[in-house]
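Consider the single chain below, provided in structure tokens and representing the form predicted alone.
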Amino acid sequence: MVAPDYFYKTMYKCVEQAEKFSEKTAIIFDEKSYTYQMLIDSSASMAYHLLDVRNDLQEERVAYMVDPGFDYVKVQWAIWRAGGVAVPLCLTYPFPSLQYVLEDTEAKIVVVSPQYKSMFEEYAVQHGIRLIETHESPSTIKNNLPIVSDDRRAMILYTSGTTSLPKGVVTTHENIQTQVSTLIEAWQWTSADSTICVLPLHHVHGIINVIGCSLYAGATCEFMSSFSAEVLFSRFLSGAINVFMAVPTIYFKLISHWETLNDQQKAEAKDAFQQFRLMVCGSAALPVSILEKWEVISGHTLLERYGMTEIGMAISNPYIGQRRAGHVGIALPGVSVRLVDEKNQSAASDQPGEIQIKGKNVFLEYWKRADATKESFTEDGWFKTGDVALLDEGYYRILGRNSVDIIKSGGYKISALEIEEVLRTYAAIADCAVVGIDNDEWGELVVAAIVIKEHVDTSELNMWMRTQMAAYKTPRVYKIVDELPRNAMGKVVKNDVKKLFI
């Protein structure tokens, strides 16, 4: 047992919260249960090991490549408790991408699950990096861990970098505390909840919405070693899970699995789903077709919300109240939202505008990129998201990103997401992505990459599209592909889609 007189001050107060539930199950992984007390003790031991002879890491960046499960959370908490900045690494990235993060953050400590050690050994020796495996224990135990103030840096997550090199998004302990506590309130998390994490843990969705909220609330968080729709359905049928969060791609896969079941199995699944308290979808636009199909299967209207790495969650459909298809909801408690036009003036009530956000949830800075940080905020302190939305009877409806989802063609501003929604209703289309490509005549030409279920005559498809929407919005070119390029979160990478048409 670790000496009891260690200090905790922040880490969004997760240790202080954990002590309230010390004997309760915090984490389930690989058929083993771990209590909150085990998490407190193990993270303290790892924190001492990280500190070595020091008393405080003083915001030193600690990168970690650790499989989802107890060890992941133990390492995350240990970094914070030692006064470091947590830098989670993507498990599927090739080494050059990992190297970029290590060098950009100047990380001098890397913690790994044993199976990843060989990836880093040579590089660690060459660059003076201390390489630690998750099972290592400290040689000495200190009496105290450092007191870490709320304004100190806590985490660096890297944006996808679709238009430039990835940027490190720096959040403070106060930012994380705000993001978590806001969702606890809005989505009514309690210690009676139990969830399962199927999301990558180098993104805010899994780190904040699933792990952060569940463990702060005293709930139980289960982990899967790898995604399997069949295994996930069996966990749903067990009755052990009552909160679930995923991206549209995962719901699509779950729907596909459900369609393989016989009538009795489908009925059993629906009975199990109706015991759930909450089902959430995010990280990418939720096609209305998936929302409607899932509602038929589960009896639940998925709660769609809006957020990003820099702000956590900012807008959400209500936990109690109407959840509107194709809309991301209303501003969360404590978050200020406004829409502005191209002159940074308030958008007219019936006109789209860029979403701007202000609140304690908003990140501190882009790591070592002062100019990029400055450019991302207005003079009066609003964060410019780059996303365009329309306020529709009190609910925000996302039209897309300024850079890739708003297509400027023939003098019109066209929402790629609106076109995609229509295309997905065509029976022979399984999925699609709409982009604008440079064109001398139109400025940008509207084109669509489509994944098909059966043969599609694109001339017939085009004629049908013109019966569904204005002709200027319909794609001028269709390209049939086996699959759409996606990132680790399952989000379509639109700049890679554009390359398909070169």
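Being a predicted model, the structure only gives us computed values, none of them experimental. Residues carry their position along the shown sequence, with the first being 1.
As for the form predicted together with ligand MCA, it is not shown, yet the points below apply to it.
Stretch in contact, per heavy atom within 4.5 angstroms of ligand MCA in the predicted bound form, of 106-114, 170-178, 246-254, 213-221: In short, 246-254.
Gly411: touches ligand MCA in the predicted bound form, heavy atom cutoff 4.5 angstroms: Gly411: contacts ligand MCA in the predicted bound form.
4.5 angstroms heavy atom contact with ligand MCA in the predicted bound form for Leu445: So Leu445 counts as contacting ligand MCA.
Exercise: Val422 in contact with ligand MCA in the predicted bound form, heavy atom 4.5 Å: Residue-level check for Val422: no, no contact with ligand MCA.
Contact label in the predicted bound form: Arg54 to ligand MCA, heavy atom within 4.5 Å: Contact check for Arg54: no, nothing within 4.5 Å of ligand MCA in the predicted bound form.
In the predicted bound form, the residue from Thr195, Ser283, Ser298, Ser316 that sits within 4.5 Å of ligand MCA by heavy atoms: Selected residue: Ser283.
Interface residue in the predicted bound form among Gly307, Gly359, Pro88, Pro146, criterion: non-hydrogen atom within 4.5 angstroms of ligand MCA: That would be Gly307.
Stretch 195-228 - residues with a heavy atom within 4.5 Å of ligand MCA in the predicted bound form: Counting only heavy atoms within 4.5 Å of ligand MCA in the predicted bound form, the contacting residues of 195-228 are Leu199, Pro200, His203, Val204, His205, Phe227.
Comparison of CA distance in the predicted bound form with shown form for Val288, Ile437, at least 3 Å: Compared with the form shown here, the C-alpha atoms of Val288 and Ile437 sit closer together in the predicted bound form, by 3 Å or more.
In the predicted bound form, whether the C-alpha atoms of Gly443 and Ile398 sit closer or farther than here (change of 3 Å or more): Between the C-alphas of Ile398 and Gly443, the gap narrows in the predicted bound form (3 Å or more compared with this form).
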